[in-house]
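In structure tokens, the next block holds one chain alone, the form predicted alone.
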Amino acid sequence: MLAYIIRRLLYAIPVLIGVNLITFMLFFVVNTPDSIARMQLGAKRVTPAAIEAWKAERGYDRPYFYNAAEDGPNRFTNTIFFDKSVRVMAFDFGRSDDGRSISRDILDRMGPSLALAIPTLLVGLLVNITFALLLVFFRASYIDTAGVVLCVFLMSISSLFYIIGGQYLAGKLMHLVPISGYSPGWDSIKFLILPVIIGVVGGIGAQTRWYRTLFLEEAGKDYVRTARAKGLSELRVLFRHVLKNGMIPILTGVVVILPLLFLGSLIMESFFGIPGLGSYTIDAINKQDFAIVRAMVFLGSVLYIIGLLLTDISYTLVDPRIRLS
């Protein structure tokens, strides 16, 4: 097991280097240091001297990958790529283009993201698994057919419709909760109720259909038929056998997304004004702040790799037949 973990972590190094390189190239294909300087300075008429001063202050006045004016290793280290991307590999995120500490911003915004993501995940699991089991219990009946049709209908609706419709009904018409905003502490609950409900409702269609497929596959296996032949009730078979074994792929699917909960929801946080990492990333893209975009893409890659590793490990915990070597 230990050798497998070390090997996977070593495999992650070239992946992260490639992600850093691709992110850097894609960003500077559509942006130049001059255009970034003009946007950050925010003036309609920016003098060339002001642009050059801004670039020199933040290290954008150097070549991208190779600095012919330097000698030895400095030809590669005294470049924009090394200064802006290579340091990230050591989790040195540096500062944003407006001078803020990116690491501090991430720590400050992680809390609101988790406050939204964790309840959405837990409530969503409870609702979707319960609904899927209900459809499996009434499989091949009108209830099952109606449930599948409802799931397909819910899947066909854009998430933006749920957000805008929920804000209009619950916030504007009924005045039950605030439309947007955030407040730290227990006051945050009133701001999180609506986005959590919308997040759960928006995921019912796809998740319930997937869970239903998993449970139906288990319900048709020999050990389930044997349990029925022994006289066990359908409810007992469903909860004692089908649910238990069907939770293996569900558990591994949840484990892979657990680390990504730190990154927040890009759309949900932006629409509801929640100061999490999702809205932080969107704001950085709009401002063309490469330092923040680079840090968030790298952090997302690291968390995704950790999620895949935890998924493999969780397989061995829930299924003793699997061994990692």
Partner chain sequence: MPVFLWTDFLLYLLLAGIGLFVFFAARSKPLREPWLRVFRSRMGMASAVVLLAFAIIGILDSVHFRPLQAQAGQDGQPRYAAQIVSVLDVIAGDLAERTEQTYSAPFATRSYVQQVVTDEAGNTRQIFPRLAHGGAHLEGESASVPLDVALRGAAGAIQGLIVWLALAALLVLLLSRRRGLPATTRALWHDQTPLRWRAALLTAAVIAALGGAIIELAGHYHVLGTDKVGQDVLLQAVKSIRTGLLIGTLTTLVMLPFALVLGVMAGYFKGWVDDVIQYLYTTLSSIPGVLLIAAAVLMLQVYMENHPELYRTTTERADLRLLFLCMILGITSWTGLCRLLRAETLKLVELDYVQAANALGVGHMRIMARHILPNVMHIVLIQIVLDFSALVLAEAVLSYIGVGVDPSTESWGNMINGARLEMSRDPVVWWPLAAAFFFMLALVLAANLFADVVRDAFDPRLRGGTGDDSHTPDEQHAQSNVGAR
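Numbering follows the first chain given and starts at 1. In this text, rigid core is short for the largest set of C-alphas that superpose within 1.5 Å between two forms. This is a predicted model, so every value here is computed, not measured.
What comes next is about the form predicted in complex with its partner chain, which is not displayed.
K.L.:
Only one of 93-101, 180-188, 124-132, 153-161 has heavy atoms within 4.5 Å of its partner chain in the predicted bound form; I'd like to know which.
P.N.:
After filtering at 4.5 Å, what remains is 153-161.
K.L.:
Can you work out whether Leu309 and its partner chain are in contact in the predicted bound form, taking contact to mean some heavy atom pair no more than 4.5 Å apart?
P.N.:
Heavy-atom contact with its partner chain at 4.5 Å: absent for Leu309.
K.L.:
Should Ala206 be counted as a contact of its partner chain in the predicted bound form, where contact means heavy atoms within 4.5 Å?
P.N.:
Because a heavy atom of Ala206 falls inside 4.5 Å of its partner chain in the predicted bound form, the answer is yes.
K.L.:
Heavy atom to heavy atom, is Leu263 within 4.5 Å of its partner chain in the predicted bound form?
P.N.:
Yes, Leu263 sits close enough to its partner chain in the predicted bound form that at least one of its heavy atoms falls within 4.5 Å.
K.L.:
Flag Val293 as yes or no: does it have a non-hydrogen atom within 4.5 angstroms of any non-hydrogen atom of its partner chain in the predicted bound form?
P.N.:
Judged by the heavy-atom cut-off of 4.5 Å, Val293 is in contact with its partner chain in the predicted bound form.
K.L.:
Is its partner chain close enough to Ile22, Phe27 and Ile36 in the predicted bound form that each of the three has a heavy atom within 4.5 Å of it?
P.N.:
Yes.
K.L.:
Do any residues of 300-315 have a non-hydrogen atom within 4.5 angstroms of its partner chain in the predicted bound form? If so, which ones, in sequence order?
P.N.:
Gly300, Ser301, Tyr304, Ile305 sit within 4.5 Å of the partner.
K.L.:
Against the rigid core, is the Cα displacement of Asp283 between the shown form and the other one at least 2 Å?
P.N.:
Shift of 2 Å or more: no.
K.L.:
Relative to the superposed rigid core, does the CA atom of Val256 travel 2 Å or more between the shown form and the other one?
P.N.:
Comparing the forms between the shown form and the other one, which are aligned on their rigid core, Val256 does not shift its C-alpha by 2 Å or more.
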